[in-house]
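First, one chain by itself: the form predicted on its own, in structure tokens.
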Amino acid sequence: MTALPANDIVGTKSSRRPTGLLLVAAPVLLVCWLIIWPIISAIIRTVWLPDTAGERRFSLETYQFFFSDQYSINNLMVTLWTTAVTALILLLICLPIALYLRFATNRIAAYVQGLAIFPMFVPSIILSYAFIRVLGPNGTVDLLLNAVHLPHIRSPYLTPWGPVLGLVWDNIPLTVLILLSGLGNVSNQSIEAARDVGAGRIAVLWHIILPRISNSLLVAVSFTVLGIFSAFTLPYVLGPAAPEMMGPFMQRTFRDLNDPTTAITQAVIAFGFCIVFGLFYVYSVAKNRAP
């Protein structure tokens, strides 16, 4: 079989390059139109404000107001707290589930996987209603405790823990699937070799499994944080009226207070926190694709 000359190979690659660029042009333009441009437009709108004469000027008044307003700071803090606690609980719950699904060989694993994926098909509003009916005041748990003459428990409904429980349940499927995909890179041979030299379960987990799935853990946390930080339905229905998470806070500022500039400022600040975890995700993807 005759090999092609080097200049023919270079010419072939050069001729294919415009075709590849044309294939990705449409989605790139769509992302720029629907995502990049609205972000740039929002930032410009919050720093280029009209004065009393109607002329626009550069100003950071809206950001100064946000970080000087205690109510806005409280809403940001409760959002960060909810995001951190929910992400931590999700890892503590989903990592054992993913480990069991990866190494289990019995039929029960199929049922466990079905139960773990089931919340993906339940709409958030239905989940909120079920949460209220089960854990809310005079809900199923209260009725069962009353039937056996036990004291009532304090319901997490309309407290900061309400959105945490709802968001944990809602994000279990995606987190389990991401971790399970990462565990596919862990070979049985490496685990068996570690056990042959006397490594216990904790040592295997710490030295063999976790280093192999570090990127998957980072991706799972990034997706979880991005989803929780922008959540609206569960915090709006299950959370307290004050302080509230950024999603309901932005919606109320825009609709009830009729203040779109302040609402956009809140959105830009929320985007600033989310972009940090977005960069972690991009770094993880780029690291995996690096030669």
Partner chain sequence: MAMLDIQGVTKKFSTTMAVDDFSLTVADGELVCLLGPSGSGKSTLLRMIGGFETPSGGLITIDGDDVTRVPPERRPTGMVFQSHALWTHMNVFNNLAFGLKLRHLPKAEIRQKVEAVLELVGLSGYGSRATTQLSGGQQQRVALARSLVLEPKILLLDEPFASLDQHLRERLREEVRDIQQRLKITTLFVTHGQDEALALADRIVVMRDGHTEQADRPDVVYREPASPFVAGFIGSMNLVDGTIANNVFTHTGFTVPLTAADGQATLAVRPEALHIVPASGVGMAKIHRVTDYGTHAIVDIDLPDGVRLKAMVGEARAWTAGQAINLKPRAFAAYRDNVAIFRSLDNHG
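Predicted, not measured: the structure shown is a model, and the values here were computed from it. Positions refer to the first chain, counted from 1.
Beyond the structure shown, there is the form predicted in complex with the partner chain, which is absent from this document and is the topic of what follows.
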Exercise. Counting only non-hydrogen atoms and a 4.5 angstroms cut-off, does V148 reach the partner chain in the model of the complex?
Worked result: no
For this session: Determine whether any heavy atom of V78 comes within 4.5 Å of a heavy atom of the partner chain in the model of the complex, and answer yes or no.
Result: no
For this session: May I ask you to state whether I208 is within 4.5 Å of the partner chain in the model of the complex, using heavy atom distances?
Result: yes
Exercise. Is there a heavy atom of A193 lying 4.5 Å or less from a heavy atom of the partner chain in the model of the complex?
Worked result: yes
For this session: Could you spot which one of V221, I89, A199, L165 gets a heavy atom to within 4.5 Å of the partner chain in the model of the complex?
Result: A199
Problem set entry | Partner contacts in the model of the complex for 124-140 (non-hydrogen atom within 4.5 angstroms of the partner chain) | none
